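Next comes just one chain, in structure tokens: the form predicted alone.
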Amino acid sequence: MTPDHLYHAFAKYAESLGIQLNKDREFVLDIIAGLLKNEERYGYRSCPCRLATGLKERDEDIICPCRYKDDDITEFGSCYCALYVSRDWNEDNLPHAPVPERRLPRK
């Protein structure tokens, strides 16, 4: 799948949920490049903003879209890596502050 094809698929997915992709297309394409690299590396699209273990069963929570996306967008207007955002975030009606990591550290 090409980055451009994935961009449009992600945009359609976001729209179906009432959210958006980050308005910075180049930023989104960089995130998509990281997802595709992780897919090559691990066989699944783990979040490029987090460290994956390479074990799908351990990383299921960070396979894009990650398990934390909805809570992050509700609370901060964007997901952890700012791929998916709310309309208010994209329209600069919310601060673009870093989203804290919700994933608990592995022991």
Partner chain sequence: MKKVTLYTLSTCPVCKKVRKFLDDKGIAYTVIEVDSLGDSEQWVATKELSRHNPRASYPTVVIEDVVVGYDIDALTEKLP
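Remember, it's a predicted structure, so these values are computed and weren't measured experimentally. Numbering follows the first chain given and starts at 1.
The discussion below concerns the form predicted in complex with the partner chain, not included here.
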| item | value |
| --- | --- |
| Contact label in the model of the complex: residue 104 to the partner chain, heavy atom within 4.5 Å | yes |
| Contact of residue 58 with the partner chain in the model of the complex (heavy atom, 4.5 Å) | no |
| 4.5 Å heavy atom contact, residue 44 to the partner chain in the model of the complex | no |
| is_contact(residue 34, the partner chain) in the model of the complex, heavy atom dist at most 4.5 Å | yes |
| 38, 49 and 80 all contacting the partner chain in the model of the complex, non-hydrogen atom within 4.5 Å | yes |
